[in-house]
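Only one chain is shown below, in structure tokens, and it's the form predicted on its own.
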Amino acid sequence: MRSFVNEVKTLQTTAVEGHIFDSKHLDPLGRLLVQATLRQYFWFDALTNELLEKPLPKKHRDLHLLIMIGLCAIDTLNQPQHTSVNATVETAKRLNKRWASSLTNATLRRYLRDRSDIQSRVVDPVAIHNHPIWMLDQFRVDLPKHYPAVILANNHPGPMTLRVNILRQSRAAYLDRLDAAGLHAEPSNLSPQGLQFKSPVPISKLPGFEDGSVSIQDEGAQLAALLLDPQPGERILDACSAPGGKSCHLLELEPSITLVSTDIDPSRLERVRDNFDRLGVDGEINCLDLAQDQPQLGTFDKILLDVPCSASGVVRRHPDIKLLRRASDLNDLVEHQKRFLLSTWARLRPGGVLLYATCSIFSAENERVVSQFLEAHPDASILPLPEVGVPRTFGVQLLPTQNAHDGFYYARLIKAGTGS
């Protein structure tokens, strides 16, 4: 009989121990279930509290999480409800809590019997909106007209989007390959290399994936290379490049560039090399901390600066962010972003272009950082960008959108002078 032991352990590692979600011990169904539980964590936590007559002791937090997973399985999995109940009860036994099997069974069956009534008792906005209160408050301040749509998008999985490697074939040609394989995708709106599926497709079924015909990348993320607009012979720096999607896109768009990809994490840089090898592109890879100036790198015609950030624009793909990120993190992140911008600006040639990018939707990490940098650096000025997303005084803001892109911010800066 199926149990949720691995799912409970994985959820506990994130929700209790505070580690980034890692699905390595989960099968595809388990991964789907834990991600769904994380995405609706506050809701299922509140429901569990309503169902239990009194809170469980801390030493039985795993049992509380098990009930949450059982509720999520009942509400989201395409299987008979009794199958979810039985798996939850079986898990209680395998967690060496045989005494709790009757409690677990009674709790879930009560939920099945009185679901509407129990759900109606949950009134906490944190539970209803499935976001921590600090994040809800920040959305309202930064996005007063848009925050309801952002919350809705964050609580649903993002679509599966591909980037066609145009060194191998056109987007139209790859669409024909998909049709021949019995798969249907639609061209994305933001990227001429993008394709989107209405429902996820296993990577193993994508024609030519292992041979580098396509990559998985959100259409909003694909904008980065398009906005930087690599030209023949340019020397380009991709700062904070891992896992390499944007670096690869730059080389697919213009293979004659000299690309330098850097990151501070050597293990993540291995993924950059793996992606280069799969896609048949090449560039220089360096393990460096670009929060500090690195004069040995020389100077560049263009720089893609995708800084570490709160990742508030990709919550729907990484729902553990809602549990792990704190409001107090923002100040530290902003200071780090400012250091990155200052150090990479020193690596930009006169007349060169720097694209500042985040996967955040918080103004403090985006427009405010750029505005303060422009005030402090008279050799920097803003370049216009296409009218996409939500226009800002400086740059553009994409918001996470159902059946479309994730949340990203882009601002394009040019350095005064004439390049060599």
Ligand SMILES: C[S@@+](CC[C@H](N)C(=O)[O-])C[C@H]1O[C@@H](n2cnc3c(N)ncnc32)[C@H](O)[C@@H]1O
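Numbering starts at 1 and runs along the sequence shown. Just so it is clear, the model here is predicted, and its values are computed rather than measured.
Unshown form predicted together with the ligand; subsequent notes refer to it.
Trainee: Is Ser241 one of the residues lying within 4.5 Å of the ligand in the model of the complex, judged by heavy atom distances?
Mentor: Yes, contact at 4.5 Å.
Trainee: Considering only heavy atoms, tell me if Pro319 and the ligand come within 4.5 Å of each other in the model of the complex.
Mentor: No, no contact at 4.5 Å.
Trainee: Taking 4.5 angstroms as the cut-off for heavy atoms, does Asp263 touch the ligand in the model of the complex?
Mentor: Judged by the heavy-atom cut-off of 4.5 Å, Asp263 is in contact with the ligand in the model of the complex.
Trainee: Using the partner position in the model of the complex, report whether Ala153 sits within 4.5 Å of the ligand, counting heavy atoms only.
Mentor: No, no contact at 4.5 Å.
Trainee: Want to guess which of 170-178, 154-162, 285-293, 123-131 is within 4.5 Å of the ligand in the model of the complex, heavy atoms only?
Mentor: That would be 285-293.
Trainee: Looking at Pro308, Pro148, Pro192, Pro200 here, can you tell me which has any non-hydrogen atom within 4.5 angstroms of the ligand in the model of the complex?
Mentor: Only one listed residue qualifies here, and that residue is Pro308.
Trainee: Though the ligand is not shown, can you say which of Arg115, Lys338, Arg268, Lys97 has a heavy atom within 4.5 Å of it in the model of the complex?
Mentor: Looking at the other structure, the residue within range turns out to be Arg268.
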